[in-house]
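Take a look at this single chain, the form predicted on its own, given in structure tokens.
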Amino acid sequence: MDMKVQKKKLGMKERYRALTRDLGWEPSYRTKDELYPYVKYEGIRIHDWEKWEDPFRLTMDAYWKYQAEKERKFYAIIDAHAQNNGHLHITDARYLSALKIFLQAISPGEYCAHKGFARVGREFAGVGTQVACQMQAIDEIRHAQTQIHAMSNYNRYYDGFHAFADARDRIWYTSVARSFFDDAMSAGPFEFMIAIGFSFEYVLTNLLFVPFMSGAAYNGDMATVTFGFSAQSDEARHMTLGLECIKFMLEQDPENLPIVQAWIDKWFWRGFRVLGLVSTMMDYMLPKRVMSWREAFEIYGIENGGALFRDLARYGIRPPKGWEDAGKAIDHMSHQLMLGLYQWSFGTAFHSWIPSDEDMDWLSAKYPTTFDKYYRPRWNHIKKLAAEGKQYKNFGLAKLCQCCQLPTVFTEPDDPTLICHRETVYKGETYHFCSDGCQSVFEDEPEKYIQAWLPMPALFREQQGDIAAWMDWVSLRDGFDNGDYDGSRDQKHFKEWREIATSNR
């Protein structure tokens, strides 16, 4: 009598291989060059795709189960937040300015990253890389969705949340993040991996997510904190993927080194400029602050980033070209950009305000060698004008950097009293830049950056400087979504609702 033999269960490694590496097959009626036309497009030489080490090490079934559990927890907390009037549990409505910038500038970037990884997952020839990129593509669209869901709770009660998609494409400060992601998506597959997988995910994510999510917790925003917890484990896997891609390219062929180094130089500086917006959130927009931008950069930029580049030195990689200039800028970047955001606040979809004396004392303690010398006098002058009824506004046209698209408000690396301005003449046209880093990026690929769509020049060219028409186009409600926080509807409503919630009225 035959005995029924129990079928042997596959171990984790065997299941992983069956559900990833064994998905590949040898094409029979098309060549690999036809199937993967962009693999050689950038000059990167790959000799053996099997050498790729899969950093995710998750089978698809485990991945679905893991993500489904996180989704259930996330939406349970979001529901609880909505039912318990979580919009009143924040410190005060000033905090929402940071949230609005994040929603307008970063959340659409997550969606771009989703599209980019889906494309790269198709364009890479190795099965391991394809599966890893497809998983990350799913993560990124999930992040975009959950961020929007987490923050949309506030849209019922406060101004400035209703048209973030229009803001992403049409407002001058959100175009900074937009241009970063558009640039990455229009690059080849390997450069995309350096831009998003390495620069944004590995080098910059800690500077973006850790202080921001900590700030959300400090200010009572449990909806955003919940999103952060939900996404953070994904981000750890993404960082590993970006670093693995770097090592894979460098181990495959020594000829890849100069190409990879040039991409690291470019995308470090591009990412650093995007972080300019984050620096203003940390130093100015959180009523209760976790740490200053300077402290965050010292931990996550100088210490962690420095250790990373020391690790990569064995491959011949050196710190990126703009590394020293970034270090010199950390005492100034948040103050210079915030002064810009304040004076051009008519064109923003969030509120701004003059820092209180208490806020300025905090900034003075965090920036002991620079704030009182260079920036407190400017804020005091603006405060004096406001007291005289002469609010400090600049309705002029901000000169935007052709590369990063930020206003050219930053100073020379070694002289904080002198505006840094660079120019390049290309095909008879003069292009302007905020730094040596941005000028260098442009001069390496001028044909790409001369096509950049800059919102402010476009406003004056296409709408003849009609600011009201521009506001309609951006879906910006003048006086409601922008302007000073003091006297705004957000301030008034928050105060009224908080009083009702904490009294017997």
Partner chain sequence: MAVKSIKEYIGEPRDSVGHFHGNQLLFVSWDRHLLFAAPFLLYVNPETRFGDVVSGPLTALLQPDPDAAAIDWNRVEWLKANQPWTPDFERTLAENGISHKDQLRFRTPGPNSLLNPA
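Remember, it's a predicted structure, so these values are computed and weren't measured experimentally. Positions refer to the first chain, counted from 1.
Beyond the structure shown, there is the form predicted together with the partner chain, which is absent from this document and is the topic of what follows.
In summary, the region of this chain contacting the partner chain in the predicted bound form, judged by heavy atoms within 4.5 Å and restricted to 68-76, 356-364, 422-430, 207-215, corresponds to 422-430. Using a 4.5 Å cut-off to the partner chain in the predicted bound form, not one of L103, S179 and D486 places a heavy atom inside that distance. Checking R314, R318, R156, H381 against the partner chain in the predicted bound form, a heavy atom within 4.5 Å turns up for just one residue: H381. Taking a 4.5 Å heavy atom cutoff to the partner chain in the predicted bound form, the contact residue among Y392, F346, F229, F309 is Y392. Taking the partner from the other structure, the partner chain in the predicted bound form has a heavy atom within 4.5 Å of a heavy atom of R461.
None of the heavy atoms of E34 is located within 4.5 Å of the partner chain in the predicted bound form. When contacts are judged by a 4.5 Å heavy atom cut-off, L277 does not count as touching the partner chain in the predicted bound form. The partner chain in the predicted bound form comes within 4.5 Å of no heavy atom belonging to Y63. Taking the partner chain as positioned in the predicted bound form, the residues of 430-446 that bring a heavy atom within 4.5 Å of it are, in sequence order, T430, Y431, H432, E443, D444, E445, P446.
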